[in-house]
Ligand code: AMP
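Given as structure tokens, the chain that follows is alone and in the form predicted alone.
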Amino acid sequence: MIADIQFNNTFSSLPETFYKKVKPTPVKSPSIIILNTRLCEELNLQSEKLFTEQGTNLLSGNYIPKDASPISMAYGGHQFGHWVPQLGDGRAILLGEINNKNDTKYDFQLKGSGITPYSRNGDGRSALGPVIREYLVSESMHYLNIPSTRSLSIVETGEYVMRDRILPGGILTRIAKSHIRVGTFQYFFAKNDLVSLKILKDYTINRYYQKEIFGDKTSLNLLKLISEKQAKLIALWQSIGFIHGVMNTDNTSIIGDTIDYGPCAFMDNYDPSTCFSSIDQNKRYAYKNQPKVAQWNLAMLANSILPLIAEEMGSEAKAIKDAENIIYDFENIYKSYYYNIFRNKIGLTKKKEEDISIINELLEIMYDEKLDFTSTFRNLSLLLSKNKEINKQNINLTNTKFRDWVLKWKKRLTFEDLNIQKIITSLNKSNPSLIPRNHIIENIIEEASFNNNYEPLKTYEKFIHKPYDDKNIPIEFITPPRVINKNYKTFCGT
């Protein structure tokens, strides 16, 4: 048994309406580019054994352990608002589940591992670039304290894929608490398969939640819990300027984790209309729209499980009303999370009515003055420093509106119980200095894809686990780009 990995197969024990059995397509000459040794430790995996030939074959799909049960999962979804009845894993194969140190099950999935029954004329492969992007961004999100899938390894396949040009191929090992999506529930509802829908609901509750907290109204309370988790997740996204890029219902996790890093990116200058995705022509998934889209996606989930809610409540009318209330309440829950998080970002721990206007005023100034989102918040702590030279070097107080805002903000801080040094510490714990900046990620991908140079990737990967510690991070990784590329676009990995 390679590296003492023992696979569980709870999802593949469900009826075969939930998946298709399929094996990864072998690749020519795989080699491990990055192995996440920190994650290995969390998962009780022996990294030195994964670096062996057999370990490399496992991470590339060339070797399937006897107790694994490789499948591709079925789901549908709304893509850019348009219903697609069958999507499924078109280039991903779930080998099974493994347990971490706390005995929590995690899915062990290979992305880019070959054609599946859901590939829809695709080649089932991935270029190396999207694999690198997902690895770096998903791991960064984890250390930024944003719920996310994880990445265990990057494997170069030794083969090439054809996209807009010939590119080297790659395979990502994705580790996730769940790969069940809103689109999974939609899939069975659209087929009017209420038996499978109920099995999916029960599986979701039994595996991911404590069943006793749901009471008799399991379906309604599941909807409520998923809604709350999504509200918190999107508020966290907004707080770091993260733009998912493809918030389809098939990319919306039912446990509130960030999943499917395709054309994702981060804002540099603050602009709510920012949208990087090359396929999002109407900016449906722009930064400012992410909360509304999440609410819409949840409405699609509510619609899908409404028959189960009605059955449990004995009344369709009551089920509709209660489900609608949950969806309507999403906005209030989201705003509560959002403003609490942004209070922390400006050093506030108490709630006062004026806080919301102070937060919004700062954002308006950042937009008007084209200020960098990440570094502006990070540098707030410097305004409280007694070192005037630091202030001069990092903060521009020539703008009258910003100067007035600083005075208002400092006056508000006087109502806090913490002393200045504790506020500075709190600010620096709430505002990262290191995010996966677009120009850095693009340079890493270009060097790996076209120059066979993995040193920028390996160098950057060393620092993503400490995004709030700017003292030991190379300055080029935390510095905004000198010139903003207004035409910058990101692309899906398929």
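Just so you know, these numbers come straight off a predicted model, no measurement behind them. Numbering starts at 1 and follows the sequence shown.
As for the form predicted together with adenosine monophosphate (AMP), it is not shown, yet the points below apply to it.
Which of 120-128, 102-110, 139-147, 193-201 has heavy atoms within 4.5 Å of adenosine monophosphate (AMP) in the predicted bound form? Looking at the partner contacts, the answer comes out as 120-128.
Contact residue in the predicted bound form, from N303, Q79, S278, S385 (heavy atom within 4.5 Å of adenosine monophosphate (AMP)): Exactly one listed residue reaches within 4.5 Å, namely Q79.
Looking at K408, K283, K422, R163 here, can you tell me which has any non-hydrogen atom within 4.5 angstroms of adenosine monophosphate (AMP) in the predicted bound form? Selected residue: R163.
Considering non-hydrogen atoms and a 4.5 Å limit, does adenosine monophosphate (AMP) approach R378 in the predicted bound form? Although adenosine monophosphate (AMP) is absent here, R378 would stay clear of it in the predicted bound form, with no heavy atoms inside 4.5 Å.
Looking at the partner-bound form in the predicted bound form, is N251 within 4.5 Å of adenosine monophosphate (AMP) by any heavy atom? Residue-level check for N251: yes, a contact with adenosine monophosphate (AMP).
Residue contact check: L87 to adenosine monophosphate (AMP) in the predicted bound form, 4.5 Å heavy atom: The answer is yes: L87 has a heavy atom within 4.5 Å of adenosine monophosphate (AMP).
Residue-level question: is R91 within 4.5 Å of adenosine monophosphate (AMP) in the predicted bound form, judged on heavy atoms? It does: once adenosine monophosphate (AMP) is placed as it appears in the predicted bound form, R91 has a heavy atom within 4.5 Å of it.
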